[in-house]
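In structure tokens, the next block holds one chain alone, the form predicted alone.
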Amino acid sequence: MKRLLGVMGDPIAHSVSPAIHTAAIEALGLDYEYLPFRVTPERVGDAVRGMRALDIRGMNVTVPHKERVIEFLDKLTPRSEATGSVNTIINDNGVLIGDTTDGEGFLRDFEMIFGPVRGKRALLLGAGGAARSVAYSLAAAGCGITIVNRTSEKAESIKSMLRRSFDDIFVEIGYNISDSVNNSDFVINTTSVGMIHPEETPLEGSYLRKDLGVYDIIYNPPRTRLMREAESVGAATANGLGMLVNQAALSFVSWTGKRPPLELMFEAASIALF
């Protein structure tokens, strides 16, 4: 009998996770099935408890439940505990463990494109849940971080989280955008600006320069205005499709113990999206 995997969120119909994971399951010939589950906020606890009753091996968690699920889990990995976010639940013989693969998925893709981040400086645009995971993984890899956000409260929260987790990492709140860009090697957009309205950008092109690496975690559209303007000055760019696939691959390994075929997962994601 096949074991179940899945993803919970609300809404969930748009998720490409089933396509990504199904491609890996079929390629490896595993006895698993990956399903989407629409779970409304008031039923999150029921859904998590149902994992034990139905012996569901693993579950991805997407918006808006990445923080809400925590109170219903038995354990958290250190990175989930630090960031206050869970995107992966592992059912270990009835013990439900929460993990987040978002930041590590980002870092794997980022370093593959731009090289090692140790000793470098990254300008992080935004201070939401994605920013917390990205910042944690960057800091763990030895990258200094400047956080720019519309309001300082969430940015200060990330700064405090990083200070608690890492003793010697450089982290600051950026108040002068020009100085923040000039002192950075990379610009990373973790906001949703440019996704719903492709003509918008979180950073005007006049601040960008040729030697910056610019990464936008948005993957639909595949080229945001931020990326286009960065490319116009000769900067290297990347979107978040690689982050999406790599975080999925890390979840897959934690459930199955098998390394999935990344190229097939990329192909499945691209077909599902575009």
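Heads up: residue numbers just count along the shown sequence, starting at 1. As the structure is a computational prediction, the values presented were derived from the model and not from experiment.
What comes next is about the form predicted together with a small molecule, which is not displayed.
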| property | result |
| --- | --- |
| Contact segment among 115-123, 90-98, 164-172, 144-152, judged by heavy atoms lying within 4.5 Å of the small molecule in the model of the complex | 144-152 |
| In the model of the complex, the one of L203, A130, A139, V187 near the small molecule [non-hydrogen atom within 4.5 angstroms] | A130 |
| Distance check, V193 to the small molecule in the model of the complex, heavy atom within 4.5 Å | yes |
